[in-house]
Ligand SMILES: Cc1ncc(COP(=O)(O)O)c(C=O)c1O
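Quick setup: one chain, the form predicted on its own, written in structure tokens, and binding and motion questions come after.
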């Protein structure tokens, strides 16, 4: 049969969903991120999205997005280097640079593209990249594409990292790559110490602050503010689709580097620019953070603690985190799906992580209670989590 051998290679193993009677992926979402989420025709408490500050459905953000559509249309139908670089795009680059305290910024359609495109534009066979073994897939795939030497270090282990740095000589440039907040469990990188090690061994630090921007720091400006890092000489990436409540990704750093990337990073040069509605929404979110972050962070922290204590009372094994992420240690992929299913049936939507997103046998079920949720909704979720321990 024509092309039978080719297409027969692409079979999906659905045995896990069949065994557990539940597939938590590609669920049909039928509403926006208001207090409760319509999923498969039912209203669920949303503890799954990365809408930390709860601003994705904020009326001010929606208004800004609508006004941008009215002015610019749905899309500029061009790459930033061609027809997509509208005045709004340029203005937002400046605001993001000021927000994180770095010289210059470029905006890409996603942080996955930012992390994928960065390394092939700055590293090659003469270089070494040392990377935390728990970093996001986008970083791993981007690093592999660069064609350089790669060495992982144990998660957040400074001693192991320094040992590798001490033994690594003869490279044109050494990069040390990590995340600010590791999203499956909420651990935070000791980034100030990592930066100091990089200075000691002439390495260049690269931080993905996707789950830190808008969350960490006294005013929500992310990992650099949180750790008191001034005059940062490394490279910074972040998602604009989590606490910043839109879509897109950013790369920030020294002006000379960003100017180079704007012409030589194919993931930017050959991708249609982020749509005007998203750009305007991001700008509105930055303005809200400037004036309301303290209140939003207080609510976010309170909700995280309520959920954490309820999980413990419910008998769950929970990772202790310093961020608004609660993570159940679920173990096997089967148990991860079963816990996710039980929560779903009780009206709570969560995010399961199984291999290869986490090491085999180290499954996680993540819960994030956004600041937009009402106190009644959080109380309802807490009651469910406590009750599950008695079932």
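Only a predicted model underlies this, so the values are computations on that prediction, with no experimental measurement involved. Residue numbers count along the first chain shown, from 1.
The discussion below concerns the form predicted in complex with this ligand, not included here.
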* Asked: Which of 267, 299, 242, 227 has a heavy atom within 4.5 Å of this ligand in the predicted complex?
  -> 242
* Could you spot which one of 186, 117, 205, 248 gets a heavy atom to within 4.5 Å of this ligand in the predicted complex? => 248
* To do: Give a yes or no for residue 272: in the predicted complex, does one of its heavy atoms lie within 4.5 Å of a heavy atom belonging to this ligand?
  => no
* Applying a 4.5 Å heavy atom distance criterion, does residue 136 contact this ligand in the predicted complex? -> yes
* To do: Indicate whether this ligand has at least one heavy atom within 4.5 Å of a heavy atom of residue 112 in the predicted complex.
  => yes
* Asked: Does this ligand come within 4.5 Å of any heavy atom of residue 252 in the predicted complex?
  -> no
* Structure fact -> Within 4.5 Å of this ligand in the predicted complex, heavy atom basis, the matching stretch of 281-289, 97-105, 158-166, 205-213 is 205-213
